[in-house]
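The chain that follows stands alone, in the form predicted on its own, written as C-alpha cells.
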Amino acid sequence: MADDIRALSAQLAQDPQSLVFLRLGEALRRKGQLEGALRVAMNGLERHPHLADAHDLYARILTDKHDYERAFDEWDMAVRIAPHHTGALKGLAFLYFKVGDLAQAEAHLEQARKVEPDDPSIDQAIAMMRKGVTPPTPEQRAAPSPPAAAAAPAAAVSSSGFDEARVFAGLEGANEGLLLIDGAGRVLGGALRDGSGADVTDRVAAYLAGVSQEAARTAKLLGLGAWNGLSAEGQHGNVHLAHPTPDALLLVVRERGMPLGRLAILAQRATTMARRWLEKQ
C-alpha cells in the first residue's frame, strides 16, 4: 500500500491535472490517513469540479470523519452531475438510513439497483434495512473503478470491460480526435492529444462531465427542446458535441480547415456508431 501511495503521489506531482488523484485519495483513505486524503480530494475537486467521482471520493472521506452533513451535500452533487452514479446513490441511502428515513434510503438503493441489477451488495443492503439492521457503511464498500483513461491507455480494454479500440472502428480518423464518455466522465472510447502530442484524454473527459445535463437545462430554459448537437469554431480547430444516449457524450475534434457542415456529418456517423456499440455492451 505504501509503495502504491508513493507511486501515485509521484504521478500526480508530475501531472497535477491527472485523474490519478482519485486512486491516491482512496488509497490514503483506506490507510486511515484521512487528512492527507482530504487534501488530495479537495485539490482534485478544484481542478475537476464537474467530476462525479471526485465528489464521491470527498463524500466517503467526510463520512469516515463523521461529517455526514457535508458528505450528503457531496453525494447529492455527484448525483446531480451523474444521476446514475451508484456509489453516490448508495452513500445517500446510507445517510438517509442514519437519520431514520427508511423510505428515502430504500428508494435510493432501488435506483442504484436499476443501474446495476447484478450487484448483490445492493440486494443485501435492502434486505438488511428491512430487517432494521444498519447496511454497510461507505468505508466498507469497495472503491469505484478509476476512470479508464487514468487506469490504462485509450486503446486498451477498460476497467468496465469495454473494448475502447472498437468503438469507432472503420470510421475516418477513428484513432484521433474522438472521445466517448459516460455521465460520470469515465472514458468509454477514443482518445485526444494536444498540439504537442501529449495525451489529454482524461483531462478533457473530466471537464466534459456534466456538460450534457447543462446543455439540456440550457436548451429547456431557452425553449429549444431537446438538444441534438453543438458545434464550435476555435482558433486552431473545430469541435462538435453530441450525445449518443442520454448518459453518454461524444466529442469530435478536427482541424480548423474542416467545415462545420462536414464536421457535423462526421459527428453524426460517430454518434450512430457509438450508440450501436453502447447498445451491444
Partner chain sequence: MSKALDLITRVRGVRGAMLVSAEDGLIVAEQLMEGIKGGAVAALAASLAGRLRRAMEAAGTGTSVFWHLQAEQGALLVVPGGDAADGILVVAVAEPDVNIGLVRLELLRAAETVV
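Rigid core: the largest C-alpha set superposing within 1.5 Å between the two forms. Residue numbers count along the first chain shown, from 1. Nothing here was measured: the structure is a model prediction, and the numbers come from that model.
Absent from the display: the form predicted in complex with the partner chain. The rest refers to it.
- Put simply, of Leu38, Ala215, Leu45, Ala27 only one has a heavy atom within 4.5 Å of the partner chain in the predicted complex, and it is Ala215.
- In summary, the region of this chain contacting the partner chain in the predicted complex, judged by heavy atoms within 4.5 Å and restricted to 231 to 239, 27 to 35, 46 to 54, 59 to 67, corresponds to 231 to 239.
- Taking non-hydrogen atoms only, Val79 never approaches the partner chain to within 4.5 angstroms in the predicted complex.
- Residue contact check for Asp118: none of its heavy atoms lie within 4.5 Å of the partner chain in the predicted complex.
- In the predicted complex, the partner chain lies farther than 4.5 Å from every heavy atom of Ala248.
- Contact check for Arg203: a heavy atom falls within 4.5 Å of the partner chain in the predicted complex.
- Contacts to the partner chain in the predicted complex (heavy atom within 4.5 Å) from stretch 242 to 276: Val253, Arg256, Leu260.
- Relative to the superposed rigid core, the position of the CA of Ala41 differs between the shown form and the other one by less than 2 Å.
- Annotation: Cα of Leu241 displaced by at least 2 Å between the shown form and the other one, core superposition.
- Remark: with the core as the superposition reference, the CA shift of Gly32 between the shown form and the other one stays below 2 Å.
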